[in-house]
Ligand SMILES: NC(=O)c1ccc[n+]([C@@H]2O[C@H](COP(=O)([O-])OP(=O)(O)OC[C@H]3O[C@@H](n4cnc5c(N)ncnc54)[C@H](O)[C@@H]3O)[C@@H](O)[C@H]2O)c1
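Take a look at this single chain, the form predicted alone, given in structure tokens.
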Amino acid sequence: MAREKAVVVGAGGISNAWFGPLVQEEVNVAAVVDLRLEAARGQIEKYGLSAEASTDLKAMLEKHRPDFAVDLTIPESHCSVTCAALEAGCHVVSEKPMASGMEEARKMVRAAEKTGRMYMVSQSRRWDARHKSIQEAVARGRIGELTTVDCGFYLGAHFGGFRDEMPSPLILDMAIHHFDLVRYMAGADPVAVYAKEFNPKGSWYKGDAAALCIFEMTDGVMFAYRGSWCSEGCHTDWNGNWRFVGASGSILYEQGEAPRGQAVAGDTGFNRPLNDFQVSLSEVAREGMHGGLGEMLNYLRTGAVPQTECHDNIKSLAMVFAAIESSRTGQRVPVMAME
């Protein structure tokens, strides 16, 4: 059994992506907390855990004194759950997005600072060999100094349920993945955005299910985002299709293909001669949510700060709410993480 003890908060569908890695890492899951006691009991039985089922988070934190909590609740509950765990002396790894608004997110960051506990957010797409390989290729200057990044994301997603009623389903529920990915792969942070959300003809969503965004990033990098959750036919995958443009080459990352690129190989001709290259895939020890759990465990064992700790991840969340504000006001909006 691993040294680390955890309390898991939330036993809904997303918890299935976490209990497997927790069992594999032999984490001592002391309790599973959910508003529905039967859901907590169900997951304990399903994964063969010797854990206590409860609806009372405070009582479980006081009784078991875990090393960390895993917050798998809905975004509207993240602030109260995470702050309670931090104040009880626990470190926290949480599902994305950090919070349902920027004020809550800032409160959570301040709580982590006040308590001296680690609070990190799991951005599952960071722990993907393709994404790590692009990040390393860009950082090594394989295409020269990065200037421009494009991402296109198009799916006809018939969820049903709450997403169909959300005011900004694409930006709020999905684009956080792409916004965090551009920060990771490009090695740049947001400065300002101009965005337009809209709901195309034929949409089955009540809110705006499509968006066009232009982000100014640090180091002069420009990021263009085009996305829709009500685009029928010719779908991208969930990661989207990407183009990275540098001063001396480009990298493409598209559905079903490994990242590939071309770099300038001469200095004459209307179109300069180009050499094709494949982006060598990097190794990722743990993928997806397992990667987030792995970084929390590594922090507990070595003190190495996770790449998605709260002071960093709030910048990705700020991109979401700045884009929504820009669409609402029709203005360029600075992206402000902490005030």
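In case it trips you up, residue 1 is the first one in the sequence shown, and so on. Fair warning: this is a prediction, and the values are worked out from it, not measured in the lab.
What comes next is about the form predicted in complex with this ligand, which is not displayed.
*Asks:* Non-hydrogen atoms within 4.5 angstroms of this ligand in the predicted complex: do 33, 77 and 96 all have one?
*Replies:* Looking in the predicted complex, the three residues 33, 77 and 96 all sit within 4.5 Å of this ligand (heavy atoms).
*Asks:* Just checking whether residue 177 would be counted as a contact of this ligand in the predicted complex - the rule being heavy atoms within 4.5 angstroms.
*Replies:* Flag for residue 177 set to yes.
*Asks:* Is there a heavy atom of residue 11 lying 4.5 Å or less from a heavy atom of this ligand in the predicted complex?
*Replies:* Flag for residue 11 set to yes.
*Asks:* Would you classify residue 228 as touching this ligand in the predicted complex, given a 4.5 Å non-hydrogen atom cut-off?
*Replies:* It does not: once this ligand is placed as it appears in the predicted complex, residue 228 has no heavy atom within 4.5 Å of it.
*Asks:* Examine residue 85 and determine whether its closest non-hydrogen atom to this ligand in the predicted complex is within 4.5 angstroms.
*Replies:* Although this ligand is absent here, residue 85 would stay clear of it in the predicted complex, with no heavy atoms inside 4.5 Å.
*Asks:* Ok, 69, 289, 296, 27: which has a heavy atom sitting within 4.5 Å of this ligand in the predicted complex?
*Replies:* Contact with this ligand in the predicted complex is made by 289 alone.
*Asks:* Sort through 102, 109, 138, 81 and report the residue having a heavy atom within 4.5 Å of this ligand in the predicted complex.
*Replies:* Of 102, 109, 138, 81, the residue with a heavy atom within 4.5 Å of this ligand in the predicted complex is 81.
*Asks:* Looking at 276-284, 58-66, 309-317, 33-41, which stretch has residues with any non-hydrogen atom within 4.5 Å of this ligand in the predicted complex?
*Replies:* Flagged stretch: 33-41.
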